[in-house]
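One chain comes next, on its own, written as structure tokens: the form predicted alone.
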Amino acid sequence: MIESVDLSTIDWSRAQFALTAIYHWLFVPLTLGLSFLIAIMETIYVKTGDPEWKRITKFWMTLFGINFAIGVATGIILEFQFGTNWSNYSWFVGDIFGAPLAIEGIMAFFLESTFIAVMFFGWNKVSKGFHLTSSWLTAIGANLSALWILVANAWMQYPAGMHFNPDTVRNEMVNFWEVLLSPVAVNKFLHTVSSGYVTGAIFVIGISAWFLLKKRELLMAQRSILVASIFGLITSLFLAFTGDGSAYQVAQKQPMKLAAMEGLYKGEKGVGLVAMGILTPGKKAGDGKDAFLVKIEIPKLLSVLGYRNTDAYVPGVEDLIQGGFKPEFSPRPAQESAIAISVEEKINKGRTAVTALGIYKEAKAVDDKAKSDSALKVMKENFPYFGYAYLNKPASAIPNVPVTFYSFHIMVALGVFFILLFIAVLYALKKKVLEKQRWLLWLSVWTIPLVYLASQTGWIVAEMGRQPWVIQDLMPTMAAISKIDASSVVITFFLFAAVFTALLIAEIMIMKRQISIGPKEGGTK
């Protein structure tokens, strides 16, 4: 009773959404981080009365405005795709997923867009206090906007606070606070926005380093680097802390993602964390090959990160497929035994749930209460595995391990590098030798693209690591797409690629021009 799907439509729809998301996320982190840096700099101006701080604030505000305007355009297109390319998904969970998106538009985006006007055009028209308040509210609004988007995404990773209505075949929200305060949502929000703060800090340091290399605007550059490096060091340490929390949640809620992140095929107790490694090309679950050609491992650290226990058992890809092990955390269904079941069993349970739902609908139509009640009971017992009914084989539950593994390790390595960079820059500032350390200045400039790479790889881990699921365990990607012709998706894919690339080139050119002009009084009126 499960309909076949056009695989090309799935692939192109995924590619189009990935394209839009990647481009959109080039703009969002800078908005999150730079907005708070601007508010901090303006606060210093209001407190000190030093006109140089006003000049500095205006310069960074101009760059913020360029980035914000282009980011909005890509974000709108991203949300529209849920209705055009993913209508089955929107139908199945729209009552839940749509709520945080609606709140984001009504509350956060309007808050942000209202006060950004005062922030840009209110200089010398409103009081210093009101203008400063507007700058802070713009920053808060941008981060509130991110909150609701990330809550929606976190629900896809770990659906909570919901109830499946068999009459409408839709999931409905029963507890808003469970959705909002899900531990996955809390960690995802904190980790993601703190990555934006690090992006903003490195952007400011890198651009300021360029001015020092060119021996221009030395006071502005030094002051900007001081604020950004302190802000960046604090937020990068917090980023590492929230990353630890995210790994802990992944271990509980998405163990297959954790196994893919570490290239772990065979589980064991006291598993180490792979610091560096090269995966065996073509490695498949159950083929008997070693997972790594070479690796450097920190003993027992993965067990600690995932389960807070040096001797905890961490299941690998093969264990999660075959089942039969005792998980450190209880499985989602309370009635399940303490032994993990295989993916094959989950597929059977999912198909039982789908079949029972069909029987329930038919019995309900002819008013056969006994039969409908019996079918409903069977459906509820097996509903936690509803999405597995769409998988054609157990191996379908395995994400792309190489992509997830390498993305995760690139992200972590760069995160450590950013912390060291902030420390090095602060030390050079303290010793008053930063201008002489040209290698450090150039390193700061070239770290700007690296921070974007780290941000993008983080999202690759989050989204690729949970495949094949669009909603964990409840709906695979293949069941979420719209019934549209693949050719229409192909056409729009290339149209979006052209438009987004043009927007990105335009932003870079406008940014470059504005940076070359440098700060000036009256640059932002």
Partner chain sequence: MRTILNFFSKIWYFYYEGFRSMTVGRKLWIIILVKLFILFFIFRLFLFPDFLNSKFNNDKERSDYVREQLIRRK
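Computed from a prediction, not measured in an experiment: that's the story for all the values here. Positions refer to the first chain, counted from 1.
The same protein also has a form predicted together with the partner chain, omitted here; what follows describes it.
Partner contacts here mean any heavy atom within 4.5 Å of the partner chain in the model of the complex, and among 478-486, 32-40, 452-460, 48-56 they occur only in 478-486.
In the model of the complex, none of the heavy atoms of Trp442 sits within 4.5 Å of a heavy atom of the partner chain. Among heavy atoms of Ala21, none comes within 4.5 Å of the partner chain in the model of the complex. Taking the partner from the other structure, the partner chain in the model of the complex has a heavy atom within 4.5 Å of a heavy atom of Thr114. When contacts are judged by a 4.5 Å heavy atom cut-off, Pro166 counts as touching the partner chain in the model of the complex. Taking Leu213, Ile77, Ala275, Leu426 one by one, only a single residue has any non-hydrogen atom within 4.5 Å of the partner chain in the model of the complex, and it is Ile77. With the partner omitted from this view, the residue of Arg351, His409, Lys283, Arg223 that lies near the partner chain in the model of the complex is Arg351 [heavy atom within 4.5 Å].
For the candidate spot formed by Gly71, Phe92 and Leu357, every residue has a non-hydrogen atom within 4.5 angstroms of the partner chain in the model of the complex. Residues of 12-34 that come within 4.5 Å of the partner chain in the model of the complex, judged by any heavy atom, reduce to Gln16 alone.
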